[in-house]
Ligand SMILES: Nc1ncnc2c1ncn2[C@@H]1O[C@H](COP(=O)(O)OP(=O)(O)OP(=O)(O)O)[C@@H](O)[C@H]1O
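Here you get one chain, nothing else, as structure tokens; it is the form predicted alone.
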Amino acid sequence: MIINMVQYAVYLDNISFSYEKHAVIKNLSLRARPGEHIGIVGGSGCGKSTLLKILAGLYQPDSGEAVIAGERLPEKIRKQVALVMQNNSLFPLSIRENITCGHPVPDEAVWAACQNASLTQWLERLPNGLDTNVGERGNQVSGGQAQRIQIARALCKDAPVILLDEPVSALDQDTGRSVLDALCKLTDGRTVIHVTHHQETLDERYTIYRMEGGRMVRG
């Protein structure tokens, strides 16, 4: 059967991946159309994070085919995706530099991203605003603020595919709820792959898959 890959934002066909001969992903296939939201649930060690790194263009599968937003080469795939991680993945730079990643982004676009990431009220209270340094490993900001900075970064990148890796797992309930609200604005209208231990964080927009032992099943 001939499949028209143009209709898919994410197209994985029979991919496998191993670490030092240990098979982590085994003959896995996944399709997501533009704007579709996919939730992937599973325990630690089931291959979720490895799968996300393949989708992000950070790893190449050992076999099979991975096409993300029409791209096959990892360096081109990386331009088509935005990744929001569970851990604090900030650079020891200013908030502005963490959002723009050194790219020339107009101030109005940065502030619009901050508004949608629910950052502006906090930023307006800071003496140096966007030019505040987040510290080594982001140790000058809270976990919720770090997550919202990541979301603002993803909004500025304006990528068609959003990858989420347990973005609220390390946050308290109230902070997690506010970050989820910001994520809703980020993911609206975009293709989303969200990996999590906690299915309850996935709303009715998501098609749910369960991953076990490097394989994936629906529901």
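The model shown is predicted, which means the values in this text are computed figures rather than measured ones. Position 1 is the first residue in the sequence shown; the rest follow in order.
The form predicted in complex with this ligand exists for this protein as well; it is not shown, and the discussion that follows is about that form.
Just one listed stretch, out of 22-30, 147-155, 62-70, 174-182, contacts this ligand in the model of the complex at the 4.5 Å heavy atom level, and that stretch is 22-30. Contact here is defined as any heavy atom lying within 4.5 Å of this ligand in the model of the complex, and by that definition each of Gly45, Thr50 and His197 is a contact residue.
A residue is said to contact a partner when one of its heavy atoms sits within 4.5 Å of a partner heavy atom; Gln86 meets this definition for this ligand in the model of the complex.
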